[in-house]
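To begin, one chain is listed below as structure tokens, in the form predicted alone.
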């Protein structure tokens, strides 16, 4: 086993061999089962991406709406109530919220399945990840929108007699989305990490559940492959976020 994994070689030689194999698409083989690591990762990756994407959609729908309303009603009881709710949402651990939702909707009400695959099994894990991250998006959207609403171009648009809806949604919201998009990219990668816990709570067959099993089994090639795939996803999402800046803010596009 030591020779199979190359552990009898010097560290620098192990690293060079590993990098050369990675560049060729060879992530090695698992210790248990002797299966190709890359094949296993690519089999589970779509499930984790489905979960993270669904969670991000829920977080955006709730967070952007609450943050926009709080900014528009800033200083009122509505603003205070929404921000207190957001702080409570940030404080909820994924595993605790997931267990509560599982107990309520699957055990008590029997509306949704306890585990498995499919759309019905995706709802509770996505809501668990989405609710906690929606609170962060709501707070950032509020602060960004308040800053934009006080800028000169918004006052100019109002002075020209444009309808309030056009000023808010076409001018203010679009400009205020630049820092929010940055957070959305970070939130997506954070959801990928949070999926490790949520997938194990709901029995969702994604990368996170496989990573936990690999850690318990000390399957180091599989763990290394998981970390590498996760790093590639983080870099890719960061690149996409940078490209979206130009679509949202013309000042960035013209530079």
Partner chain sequence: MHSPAAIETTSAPRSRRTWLSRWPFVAAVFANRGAAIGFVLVVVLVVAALLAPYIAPFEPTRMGAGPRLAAPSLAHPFGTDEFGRDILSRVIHGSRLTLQIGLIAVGISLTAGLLIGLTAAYAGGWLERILMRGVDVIFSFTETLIALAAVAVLGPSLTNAMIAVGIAAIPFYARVTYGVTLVERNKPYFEAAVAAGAAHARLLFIHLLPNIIPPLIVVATLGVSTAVLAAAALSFLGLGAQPPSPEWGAMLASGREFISRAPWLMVFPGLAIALSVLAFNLLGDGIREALDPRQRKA
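A quick note: this is a predicted structure, and the numbers were derived from the prediction, not measured. Positions refer to the first chain, counted from 1.
Keep in mind the form predicted together with its partner chain is missing from the figure; the text below concerns it.
Chemist: Are all three residues 90, 96 and 189 in contact with its partner chain in the model of the complex, where contact means a non-hydrogen atom within 4.5 Å?
Modeler: Checking in the model of the complex: 90, 96 and 189 are all within 4.5 Å of its partner chain.
Chemist: So which of 230, 50, 29, 68 gets a non-hydrogen atom within 4.5 Å of its partner chain in the model of the complex?
Modeler: When its partner chain is considered in the model of the complex, the option within 4.5 Å is 230.
Chemist: Taking its partner chain in the model of the complex as the reference, which of 102, 123, 181, 131 has a non-hydrogen atom within 4.5 Å?
Modeler: Filtering the options by heavy-atom distance leaves 102.
Chemist: Quick one: does residue 139 come within 4.5 Å of its partner chain in the model of the complex, counting heavy atoms only?
Modeler: Heavy-atom contact with its partner chain at 4.5 Å: present for residue 139.
Chemist: Just checking whether residue 212 would be counted as a contact of its partner chain in the model of the complex - the rule being heavy atoms within 4.5 angstroms.
Modeler: Residue 212 belongs to the contact set for its partner chain.
Chemist: Quick one: is residue 244 in contact with its partner chain in the model of the complex, heavy atoms, 4.5 Å cut-off?
Modeler: Flag for residue 244 set to no.
Chemist: Do residue 193 and its partner chain come within 4.5 Å of each other in the model of the complex, heavy atoms counted?
Modeler: Because a heavy atom of residue 193 falls inside 4.5 Å of its partner chain in the model of the complex, the answer is yes.
Chemist: Please identify, from 58 to 66, 42 to 50, 29 to 37, 222 to 230, the stretch that has a heavy atom within 4.5 Å of its partner chain in the model of the complex.
Modeler: Every other range fails; the passing one is 222 to 230.
Chemist: What are the residues of 200 to 218, in order along the chain, with a heavy atom within 4.5 Å of its partner chain in the model of the complex?
Modeler: Going through 200 to 218 in order - heavy atoms within 4.5 Å of its partner chain in the model of the complex - the hits are 200, 201, 212, 215, 216, 218.
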